[in-house]
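This document contains two forms of one protein chain, each encoded as structure tokens and listed individually as structure 1 and structure 2.
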Structure 1
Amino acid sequence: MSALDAPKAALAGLTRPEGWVLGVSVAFVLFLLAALLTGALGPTYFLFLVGLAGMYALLSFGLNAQWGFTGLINFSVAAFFGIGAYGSALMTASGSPIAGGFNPLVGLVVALVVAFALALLIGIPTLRLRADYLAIASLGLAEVVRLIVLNERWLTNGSAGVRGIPGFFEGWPVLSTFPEAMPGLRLEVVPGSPILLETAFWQASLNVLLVLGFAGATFFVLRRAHRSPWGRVLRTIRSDEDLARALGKNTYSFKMQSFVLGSLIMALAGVFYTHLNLYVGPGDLDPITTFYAWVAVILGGSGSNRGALFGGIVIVTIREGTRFLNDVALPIDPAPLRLLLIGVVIVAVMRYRPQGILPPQRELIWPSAVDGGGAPETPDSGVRERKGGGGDE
């Protein structure tokens, strides 16, 4: 609201890193816009990228609820993401080895329920452990999940993956036929390079709307939760678990709640990914997915939801940028290049800015407490005067 009322004041109120991020983001958006208008970047592919960025942001929100809020080192992000993806894929796909053909909403519910069960299954043994043991144990259990998905062919189709997944809005009243119903448009902004908007484009815009809905809802829930008394306990656990325990908090229970919440958000990201990509395979459970989410969170600033959003966009830029580079400029295999960039980003962040680019600062304080409302009012008259003024010394 304040940003709309007084844009200049809002700009002046930014910290330096915030200003930088804003500047870079605006430049990046302009660059993408230019690429779109000249036809260098297909609008459908662009919307796919936006959807992917939203998905990584969602994944980072989930990890942020665990690591950023409570300090849980969860290295099983890929497992929850994969469970979400497989849960909804196996329920909805025509090529599913079990069930299949259900409404995507059923898939969503099933995926979340299975992720909830898995979160309890992984959380119960590991959340009592020391921080670094939790890291190792969760990575190990994620690997167990991956091996099960890879080897239990009767359930998951093994290494072939699941195909024939419908879009998320399949079976909905209006939205299921919306892409076909929309007319094909032909825009020509720059002469000679027309932009075609066809069924695939409308399909992709529906996906973007969906991920915006998911991510937006998650963002506001997490922001509210982080500022609530519940979130304050989590932050206390993160900085000093013994202190939280001394204050009479059942830290194990709080850690479990935060773990489950984060895991459900990761599964939500997986559900969206299924309907975006329309194919899931065991490769999606590769540990690299976990570390993508980690890079997004530590780059953005642990505990900061804005930072997680920013980190998600950076990840997609690295992921798709390396592919683009390989096509255009450097003949280097994109897979190791991506790995190298991720590694360099991790090391550089830990070396030069361990708190991340947008660490949570005012995010954690109720706005009314900052923007004048809650500021202590200066009394009109000094205390001494009111007391009768004994200015003797």
Structure 2
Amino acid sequence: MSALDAPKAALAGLTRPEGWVLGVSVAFVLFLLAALLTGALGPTYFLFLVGLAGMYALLSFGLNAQWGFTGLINFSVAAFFGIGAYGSALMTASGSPIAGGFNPLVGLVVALVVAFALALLIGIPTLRLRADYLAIASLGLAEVVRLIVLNERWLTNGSAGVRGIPGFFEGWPVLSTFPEAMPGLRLEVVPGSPILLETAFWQASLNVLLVLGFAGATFFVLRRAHRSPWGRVLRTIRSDEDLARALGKNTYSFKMQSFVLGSLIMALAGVFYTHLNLYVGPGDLDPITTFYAWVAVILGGSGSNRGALFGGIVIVTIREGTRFLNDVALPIDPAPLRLLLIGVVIVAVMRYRPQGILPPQRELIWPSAVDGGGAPETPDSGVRERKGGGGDE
């Protein structure tokens, strides 16, 4: 029975953490709606925040496919994010030092191909070894990519970054002219607090639709993969790689597939960010991006796609919400509070919910096994007993 058929039954079936997340989410949406109606939050900036939350959700999905599914420690999230961002920017931007002017779809394909090649390059020599070696290699890769972007001016424009990046729907029929074709609207729900819906708003709405498409497709693929035999092998590798190898599974091949899949999702997040921000620079490859992705996955629950989505939204809420503290008279600078709040969240989660807010058990094959219903039902008697009973009759 679906939630549309019986919403009360669906709500009654929620676990306590799921109910808590639902309640907090509804309260947060109502708070944002009130901020929009009163003019405290601009509609265009609100859509930008939604796009940013979708980008971090994609980063969390990618890391979850590696660490949450297979146990691969990847500290190069920012590197693959940067590959996606610069790969698309250098192919599409008018200020690109090497190419530019191509359709954004070409930039998307080029970025994913480069990320695929880089994932193979780093995975081939390291995935046959212990997880520690992958962590060390990925940490070095992140710094190598950042230094190349910063210093190779002929390739990436150096510290100046790449400007003149078009929107993702540039050159598309109908969608490319949609923001300019839409009329400017002025809504005033609360007297004295008008809401202006102009060209920038309609452009931001296209970005939101794009990231919803990316994130929705990624969530669907990972959800299917998690419940498939392929996903079960990955979970076995994460729990006991020797056992998976003893069962005849090529663990190296499965780990490579998981690593490449996660890397492509991270690059996809970079592609979206490029066309959201319309500028990309070396500062976007800061290691803090990797830190945020790890926090999101740990907060939501390793191996949980819903948790990765929730964690990405929380990270954006803390990161961008602290900006509004500048309008409040505080005796300290509010900027460092961002990392302080994230640290407090991590300490609290590891203390009270080490498995994460939304652990992955309910996303597995038999969700009833973790909902208080116990293990799947087994017959009271075996086949032989049933046959014997039938013969006596």
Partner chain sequence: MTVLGYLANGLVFSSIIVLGSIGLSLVYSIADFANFAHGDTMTIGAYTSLVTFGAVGGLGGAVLGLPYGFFVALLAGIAVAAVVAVGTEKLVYEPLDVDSIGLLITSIGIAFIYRAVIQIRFGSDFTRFDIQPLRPIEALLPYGVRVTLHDVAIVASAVALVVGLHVLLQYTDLGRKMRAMADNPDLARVSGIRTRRVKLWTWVIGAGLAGAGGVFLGLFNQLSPRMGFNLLLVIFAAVILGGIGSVYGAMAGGFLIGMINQLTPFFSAVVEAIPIWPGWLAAVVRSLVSIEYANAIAFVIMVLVLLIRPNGIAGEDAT
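Just so we're on the same page, rigid core means the largest C-alpha set that superposes within 1.5 Å between forms. Computed from a predicted model, the values in this text were never measured in an experiment. Residue numbering: sequential along structure 1, first residue numbered 1.
- Between the two isolated copies of the chain, the first is the form predicted together with the partner chain.
- Core-aligned CA deviation for Ala27 between structure 1 and structure 2: less than 2 Å.
- Core-superposed comparison between structure 1 and structure 2: CA of Val349 displaced by 2 Å or more.
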